[in-house]
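Here's a solo chain for you in structure tokens, the form predicted alone.
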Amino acid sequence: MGSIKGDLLIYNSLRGEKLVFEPLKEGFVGLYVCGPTVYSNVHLGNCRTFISFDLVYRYLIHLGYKVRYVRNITDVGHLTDDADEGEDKIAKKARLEQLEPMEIVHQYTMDFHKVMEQFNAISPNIEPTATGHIIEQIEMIQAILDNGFAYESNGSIYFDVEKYNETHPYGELSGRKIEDLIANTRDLDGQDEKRAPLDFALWKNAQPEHIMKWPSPWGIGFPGWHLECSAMSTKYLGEQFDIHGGGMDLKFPHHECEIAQGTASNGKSPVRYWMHGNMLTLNGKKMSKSTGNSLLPEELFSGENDLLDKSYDPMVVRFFMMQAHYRSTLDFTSEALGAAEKGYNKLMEAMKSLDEIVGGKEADSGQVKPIVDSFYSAMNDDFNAPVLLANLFEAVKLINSVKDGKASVSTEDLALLRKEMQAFVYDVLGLKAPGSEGDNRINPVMDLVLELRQQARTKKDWDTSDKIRDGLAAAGITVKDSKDGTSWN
């Protein structure tokens, strides 16, 4: 690609190493990411995964690739045990709330989209649903049956893992040995339908009370959770495509089963590069609803929670997430978020200064290109956002030095720095400046608040003045008084 400075390396979970990225078709990238199961509000751990792959998507576009990004919505087939037994998560929620399953799906899909918009994540090119692709799933099951890697039992279809393993290594993605998996498999209700405990459902026969069900050649039923991603990725990206992403918790069994299903139906391993994002912790502990150590994005943005000391803007949270590599764990604490807020504000202040400083004809040359090259070298090293941020702050030092008259850059270098800083801060990292698009309604409100504060100061009503300033600070808005007037960010 024309603008690539060096090779792009991607850590391939299947191989356990960084590999030079070579797309199947030059100039084009097929990217699939496992989307949410829409039975509840999207949680922060999921958000981190989707923001990580938003970064991947943005950087590939920046490099000039034409990307088809597919991220599914799971609206059927994901059972409460994340296995082949239990109730469908969406059907269970619908029963508890006495709603239609599709009302639940719509409600939480809307919530998901709203949160992703708040985080400034770009929408995928295609967002297919499992219920919208029942025909494709049935066709894929039939192909797996025809190839001898599945069998029917009491109206359900199961994948024959041991038969598949005779010619293909089941467990290659997660590094598990099939002998160990068989030995460790628990006895489950309904297991008597299977030939072996490790086999997994492609299609489940629906009991009369089951709400979400469809006709198939094998009777009335519903698809298995693992199958939908295989069917939809194949439909929109082909039998083989470039990158498949998701959280590390999906590596086994979900992604392992995807590899098996794709290979068993089409005769080839479906994905070239497997990418897995790591999890979030909260105050040093695993996020868990059952223990109360859990936080929804809206609770984080509003400050209405007992786990952190204040509210945080979505852009501050996005900036904070970029401070850890997508394959590393990330711990949410008030201290870390507070530090991220300062860093974000410092970066945005520098971006504002960058628009105001001027270059000089007699200025030093050669300072800017190494900094710009470092942006690319960071992102080319498996999308290393924390190193990119460190390199951006090297640029911030230069910007501030020029602003303070301690250094100068040529007009040409300044143009390059502006172009690449804007590209990496806004287009690649996906950050927005405070008060930019989406925040415009707050401007007239802040004008009014600061006018009232100024009236209090004029009357020497320092209590009211300080109360306004401290109240805004608690909401994450900093008020600065100077000889030129009062400003906020």
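It should be emphasised that the depicted structure is a prediction, and the values quoted were computed from it without experimental measurement. Start at 1 with the first residue shown and count on from there.
Beyond what is shown, the protein has a form predicted in complex with a small molecule; the following relates to that form.
Asker: Using 4.5 Å between non-hydrogen atoms, is Pro101 touching the small molecule in the model of the complex?
Answerer: Outside the cut-off, so no.
Asker: According to a 4.5 angstroms non-hydrogen atom cut-off, is Phe50 in contact with the small molecule in the model of the complex?
Answerer: Contact check for Phe50: yes, within 4.5 Å of the small molecule in the model of the complex.
Asker: Would Met287 count as touching the small molecule in the model of the complex under a 4.5 Å heavy atom rule?
Answerer: Contact check for Met287: yes, within 4.5 Å of the small molecule in the model of the complex.
Asker: When the contact criterion is heavy atoms within 4.5 Å, does Leu55 count as touching the small molecule in the model of the complex?
Answerer: Residue-level check for Leu55: no, no contact with the small molecule.
Asker: Name the stretch, out of 459 to 467, 60 to 68, 22 to 30, 38 to 46, where some heavy atom lies within 4.5 Å of the small molecule in the model of the complex.
Answerer: Stretch with heavy atoms near the partner: 38 to 46.
Asker: Though the small molecule is not shown, can you say which of Pro128, Pro124, Gly246, Pro297 has a heavy atom within 4.5 Å of it in the model of the complex?
Answerer: Only one listed residue qualifies here, and that residue is Gly246.
Asker: Which one of Asn278, Asn391, Thr109, Ser156 is close to the small molecule in the model of the complex, taking close to mean a heavy atom within 4.5 Å?
Answerer: The residue in contact is Asn278.
Asker: Report yes if all three of Ile134, Lys204 and Ile220 come within 4.5 Å of the small molecule in the model of the complex by some heavy atom, otherwise no.
Answerer: Heavy-atom distance to the small molecule in the model of the complex: none of the three under 4.5 Å.
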